[in-house]
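For reference, the chain that follows is the form predicted on its own, supplied as structure tokens.
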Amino acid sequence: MDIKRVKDYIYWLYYQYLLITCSYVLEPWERSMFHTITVTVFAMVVYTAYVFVPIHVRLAFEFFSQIFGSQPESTVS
């Protein structure tokens, strides 16, 4: 793929983001604050999902395996 086309596509995606969030009407300092808050919230959501979702999936799997009669693995061989 041509570098210019990739660059134009990224600019187009960024423009779509500006239109969807209506941040194209903000002043530059307001847009900077908006982007900072948006990136911070997104990073916190990703971090929380990375840390807590696997724990909850494992606990749910253990809970439902006990309910449906699956025998727990013995620690003694």
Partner chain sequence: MANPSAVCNGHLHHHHQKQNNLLKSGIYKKNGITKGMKKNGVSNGTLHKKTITEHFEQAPMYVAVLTFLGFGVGTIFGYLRDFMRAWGLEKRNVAAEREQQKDFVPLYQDFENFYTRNLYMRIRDNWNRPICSVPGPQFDLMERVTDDYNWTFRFTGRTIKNVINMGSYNYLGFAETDVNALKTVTIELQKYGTGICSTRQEMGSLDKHVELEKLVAKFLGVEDAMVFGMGFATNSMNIPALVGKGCLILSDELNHTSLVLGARLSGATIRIFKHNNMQSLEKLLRDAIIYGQPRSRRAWRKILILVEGIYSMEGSIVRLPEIVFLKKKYKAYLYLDEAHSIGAVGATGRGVVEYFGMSPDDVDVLMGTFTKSFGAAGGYIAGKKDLVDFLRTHSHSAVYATSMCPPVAEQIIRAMKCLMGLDGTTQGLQRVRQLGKNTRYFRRRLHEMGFIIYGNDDSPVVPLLLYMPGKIGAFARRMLEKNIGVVVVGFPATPITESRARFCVSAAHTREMLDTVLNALDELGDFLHLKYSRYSKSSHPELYEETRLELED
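Positions refer to the first chain, counted from 1. A quick note: this is a predicted structure, and the numbers were derived from the prediction, not measured.
The same protein has a further form, the form predicted together with the partner chain, not shown here; the description that follows concerns it.
A single residue from the set C22, L59, I67, V53 has any heavy atom within 4.5 angstroms of the partner chain in the predicted bound form; that residue is C22.
Contact annotation for Y47: none of its heavy atoms lies within 4.5 Å of the partner chain in the predicted bound form. By the criterion of a heavy atom within 4.5 Å, F63 is excluded from the residues contacting the partner chain in the predicted bound form.
By the criterion of a heavy atom within 4.5 Å, F42 is excluded from the residues contacting the partner chain in the predicted bound form. Taking a 4.5 Å heavy atom cutoff to the partner chain in the predicted bound form, the contacting residues in 13-41 are Y15, Q16, L19, I20, T21, C22, Y24, V25, L26, E27, P28, W29, E30, M33, F34.
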